[in-house]
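The data below hold one chain only, encoded as structure tokens and taken in the form predicted on its own.
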Amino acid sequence: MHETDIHDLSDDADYAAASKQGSSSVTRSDSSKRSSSSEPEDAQIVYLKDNVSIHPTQYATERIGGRLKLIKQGSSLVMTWIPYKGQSSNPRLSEKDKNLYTIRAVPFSDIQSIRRHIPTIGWQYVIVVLSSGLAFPPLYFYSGGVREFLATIKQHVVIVRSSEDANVFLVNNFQDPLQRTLSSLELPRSLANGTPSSSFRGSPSPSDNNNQETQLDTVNTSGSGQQNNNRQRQKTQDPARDLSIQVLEKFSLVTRFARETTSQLFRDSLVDGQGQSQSQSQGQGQNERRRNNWASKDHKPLEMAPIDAPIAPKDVPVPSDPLEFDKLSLVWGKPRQHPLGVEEWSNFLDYEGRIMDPDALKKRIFYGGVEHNLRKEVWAFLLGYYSYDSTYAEREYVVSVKTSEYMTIKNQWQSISPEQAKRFTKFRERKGLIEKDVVRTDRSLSFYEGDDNPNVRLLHDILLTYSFYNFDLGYCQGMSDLLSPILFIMKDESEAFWCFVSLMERLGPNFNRDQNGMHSQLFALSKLVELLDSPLHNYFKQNDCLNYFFCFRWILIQFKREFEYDKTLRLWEVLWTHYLSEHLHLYVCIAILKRQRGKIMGEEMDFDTLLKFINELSGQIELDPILRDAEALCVCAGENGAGLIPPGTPPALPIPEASMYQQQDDEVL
């Protein structure tokens, strides 16, 4: 293995100066801080900062202010953030809601890394990542103080800069492998950045094809690969597969590199002794296969059993389901109905085309979905392109106005000359990434197959136009997978664009660089599993699976890789109704996990094995039973479950007449 240099904070001139400033400011206020009656007698407040805020939603104008402290108690350093009482820019947030974000005495022994963000324009903030991989919401320093915050930490604990990202600081990190944490791997960067694209044609370059084949080999390393040959062959050109494999491989590294020191040292010496020269000469795909082999559950580094030695299956008792899940679904999960048809759809409309009872319509779609030939019209309502109380005439006017508006935005990038593009780095980067992704999105579908397919060009144009419409968010890998079904249904460039815009108002935080949207959903999922299946939650906790990263792909692209294409369309329209909950997708996650709980716990899956197992469920999950289970779980959880989901967790409904990325006096960048 190659050793990588770990850079100390002392190589940063800003922090050298900030260290002195932070130290002096702390010294001046030590006497007053020690007198605080809220801290233990042996505690010393070494850093205190007011006006440090958390944003509970994706809206810049909504924030919760609070006080951040670093407290020295004995040899330990702890961090707290307490929200101010009665102070919030969002009147809908109760004190109970604000308490969900309270950070109470987190010791730095439980903190894995800290990422700083100091934009040229906007407010500074940090993201604190725990050893479990979960992260607290970003802490915004509206009065400055990020440098002093990190300089103070350095005075009391070991904090070093990651060699992979100068803005990531690792806490108590003494081994190079542990740098591959969630933050130092920088998952947003792995999602948002790509290698330079080949020319935009209808098919990937040869190097891309080779990479795809290698990645397929990496995934299909189990005996189930033979059974799924047909399904895998159909997905050869899916970029979401590339995306999911990248994400899953990186998550796998997080846990593998965080194992006990003895196993790590043993593995390092063995790999160094047997495979270092080989790893330098072979391609990335072979390296990944070698690492995946090391990650397999049956390979125990301290017990060198013969490769072909049979492994006796373990008879491990599985704790019973506290909810008696099978009975629960029968009682509270209603049977699925046939899809909404043309005749029934007409009964929901008055003579001018208004939908008379939107709630009844949503309920009907929730239990049965929509016939395919109706989806173009109905999806426009579900995604907010049409208002439920609009008439036929008003909808025709909306189409005309929105088409004109779309062409105006599209013309912004179409009018960029080659000379201007040479001086527009962000445009070139985004354009290249989109060109690379669209030629590998759903190409097995007849709508997108073939070279020089005009629908692939439409996919490209819509995504590039969206990157200009929402320039702050831009384009990230995975967005093409969310747009593809919408364009397939709408079959109109402008209408598909505006439906995609509405969807991204709900799912956009999934693609933020700070990954706050994903973290909040994984956090809520963890709490819901604890509520609905405490034995399974405890099992995940005991096996270092509590970060729920194995559900990352499900949430990011809304189960698009888990079901057949038509079933995915059905699932999406059910989720878009928001009939029982805005967060039904989290209950879908739990329903899938509960149906597999016996296998997960019975086979004592660790994180790596579970990750592989979850990935191989793709194409093997029955949708209707899962929806019925998810409904039952949502009803069972009730208000208790809703209270565990922090306000603003995606896909929360957008606030009317409010921009998701408003640029106002307190803008968040």
Partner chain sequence: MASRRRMLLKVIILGDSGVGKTSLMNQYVNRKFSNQYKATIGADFLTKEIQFEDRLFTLQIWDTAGQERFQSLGVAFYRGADCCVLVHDVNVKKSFDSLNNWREEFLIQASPSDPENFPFVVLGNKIDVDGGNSRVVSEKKAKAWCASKGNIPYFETSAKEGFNVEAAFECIAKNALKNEPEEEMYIPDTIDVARARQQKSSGCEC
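Quick caveat: nothing in here was measured; it's all calculated off a predicted structure. Positions refer to the first chain, counted from 1.
Keep in mind that the form predicted in complex with the partner chain is missing from the display, and what follows is about it.
Participant: Just one stretch in 583-591, 471-479, 75-83, 495-503 has heavy atoms within 4.5 Å of the partner chain in the predicted bound form, so which one is it?
Facilitator: Stretch 471-479 is the one.
Participant: Taking the partner chain in the predicted bound form as the reference, which of 527, 440, 362, 460 has a non-hydrogen atom within 4.5 Å?
Facilitator: Result of the distance check: 440.
Participant: Among 165, 405, 371, 429, which has at least one heavy atom within 4.5 Å of the partner chain in the predicted bound form?
Facilitator: After the contact test, the surviving option is 429.
Participant: Looking at the partner-bound form in the predicted bound form, is residue 549 within 4.5 Å of the partner chain by any heavy atom?
Facilitator: Looking in the predicted bound form, residue contacts with the partner chain include residue 549, since a heavy atom lies within 4.5 Å.
Participant: Taking the partner chain as it sits in the predicted bound form, is residue 557 in contact with it (heavy atom to heavy atom, 4.5 Å or less)?
Facilitator: Answer yes; at least one heavy atom of residue 557 falls within 4.5 Å of the partner chain in the predicted bound form.
Participant: Since only the chain is shown here, I'm wondering whether residue 44 would be in contact with the partner chain in the predicted bound form (any heavy atom pair within 4.5 Å).
Facilitator: Because no heavy atom of residue 44 falls inside 4.5 Å of the partner chain in the predicted bound form, the answer is no.
Participant: May I ask you to check whether residue 444 falls inside a 4.5 Å heavy atom distance of the partner chain in the predicted bound form?
Facilitator: Residue 444: contacts the partner chain in the predicted bound form.
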